[in-house]
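Only one chain comes next, encoded as structure tokens, the form predicted alone.
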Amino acid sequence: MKKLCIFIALMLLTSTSYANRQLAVRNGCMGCHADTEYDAPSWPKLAAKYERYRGQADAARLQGEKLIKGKAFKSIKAHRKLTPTNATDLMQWIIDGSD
């Protein structure tokens, strides 16, 4: 039973990570944060920057709001079109290491 619980937990973690990577693809994040000519930080750099928020309640929501409304991001189309829920989910994925 214990092995089954571990297997299910691993499957859920893997599927959540994959789902959030797909969310990043669907929202146009990869256009700047993948290997491109833009100066946007890569996913590992973002994960390192936001690692300090791991385990903090509500950190993903607060950082998601900054992602949408921050002065530095207002001119970025992909950031402007994010819903609050998608921004929170993406920030949680980044805070968790964006694997």
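The model shown is predicted, which means the values in this text are computed figures rather than measured ones. Don't overthink the numbering: it's just position in the shown sequence, from 1.
The same protein has a further form, the form predicted together with heme C, not shown here; the description that follows concerns it.
In the predicted complex, heme C sits within 4.5 Å of a heavy atom belonging to D39.
At the 4.5 Å threshold, heavy atoms of K74 reach heme C in the predicted complex.
Using a 4.5 angstroms limit between non-hydrogen atoms, K49 touches heme C in the predicted complex. The closest non-hydrogen atom of R61 lies beyond 4.5 Å of heme C in the predicted complex. Residues K74, I76, A78, H79, L82, L90, M91, I94 are the ones in 74-99 with at least one heavy atom within 4.5 Å of heme C in the predicted complex, listed in sequence order.
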